[in-house]
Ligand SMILES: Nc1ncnc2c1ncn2[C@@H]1O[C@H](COP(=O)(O)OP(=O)(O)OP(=O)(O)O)[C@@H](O)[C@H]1O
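This document starts with one chain, in the form predicted alone, laid out as structure tokens.
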């Protein structure tokens, strides 16, 4: 007859075997693996594998202050993007600032890990709003723990570049499209990106795609109007390099009036 200690050791050995299997499906260097995929993250990744959301990770797409984005593949061979938020390096005060005041998240947990989990769910919900509005952005697939799975923007060779890295041939067209996204998000979706700039827009096949929606807030947030004005100002200022001169305050007032 086995003791409870023997059973516990058997469970731990099984978990270790499972984690090793998961590591084998993550085809990235050991340094990145150790920095990003801690034990809870590996187990969360294992859940996504068992649910047949992910088959394996291909390679890193981008590395940010708080998250790494990887190209991955589904069991059916479809390329997807997997965003993994790092518990150790995330700015929890900033996250709480955007979560508080959003009635969709009435409480903010004290646990750092749970704050990250709420942050991921928030990004998923905001991407759902953009999907419903048919605004170009990654399509949400699954939010689980500190991992967000979404559609991949790019071709088989490389991911789509950021807007800041592209020389636009038709800048006025793209400028108007991005301002149109801002207006439709606010007027029809009650959503404000809250951190929109050339660093949070991908450009692929002549289409701008909005990314990094976790900090997006609805109009009930106490800072919503300030965030909306900032988003507009950032886009207006960026497109000045293309000789486009417009008044950000007038655009803001027009959008507010159209709601």
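Residue numbers count along the first chain shown, from 1. Just so it is clear, the model here is predicted, and its values are computed rather than measured.
The same protein also exists as the form predicted together with this ligand; that form is not shown, yet it is the one meant from here on.
Enquirer: Please run the contact check for residue 225 against this ligand in the predicted bound form: heavy atoms, 4.5 angstroms, yes or no?
Expert: Although this ligand is absent here, residue 225 would stay clear of it in the predicted bound form, with no heavy atoms inside 4.5 Å.
Enquirer: With the partner left out of view, is residue 62 within 4.5 angstroms of this ligand in the predicted bound form by any non-hydrogen atom?
Expert: Yes, residue 62 sits close enough to this ligand in the predicted bound form that at least one of its heavy atoms falls within 4.5 Å.
Enquirer: Flag residue 145 as yes or no: does it have a non-hydrogen atom within 4.5 angstroms of any non-hydrogen atom of this ligand in the predicted bound form?
Expert: Heavy-atom contact with this ligand at 4.5 Å: absent for residue 145.
Enquirer: Can you check whether residue 99 is within 4.5 Å of this ligand in the predicted bound form, heavy atom basis?
Expert: Looking in the predicted bound form, residue contacts with this ligand do not include residue 99, since no heavy atom lies within 4.5 Å.
Enquirer: To verify the annotation, which of these, 217, 36, 69, 48, has a non-hydrogen atom within 4.5 Å of this ligand in the predicted bound form?
Expert: For this set of options, the contacting one is 69.
Enquirer: Using heavy atoms only and a 4.5 Å cut-off, determine which of 116, 174, 130, 153 is in contact with this ligand in the predicted bound form.
Expert: By the 4.5 Å heavy-atom cutoff, the listed residue in contact is 153.
Enquirer: Heavy atoms, 4.5 Å, this ligand in the predicted bound form: which of 195-203, 39-47, 230-238, 217-225 makes the cut? Say which one.
Expert: Single hit among the candidates: 195-203.
Enquirer: Is it true that 178, 243 and 246 each have at least one non-hydrogen atom within 4.5 Å of this ligand in the predicted bound form?
Expert: Checking in the predicted bound form: none of 178, 243 and 246 is within 4.5 Å of this ligand.
Enquirer: Across 153-169, which residues bring a heavy atom to within 4.5 Å of this ligand in the predicted bound form?
Expert: Going through 153-169 in order - heavy atoms within 4.5 Å of this ligand in the predicted bound form - the hits are 153, 159, 162.
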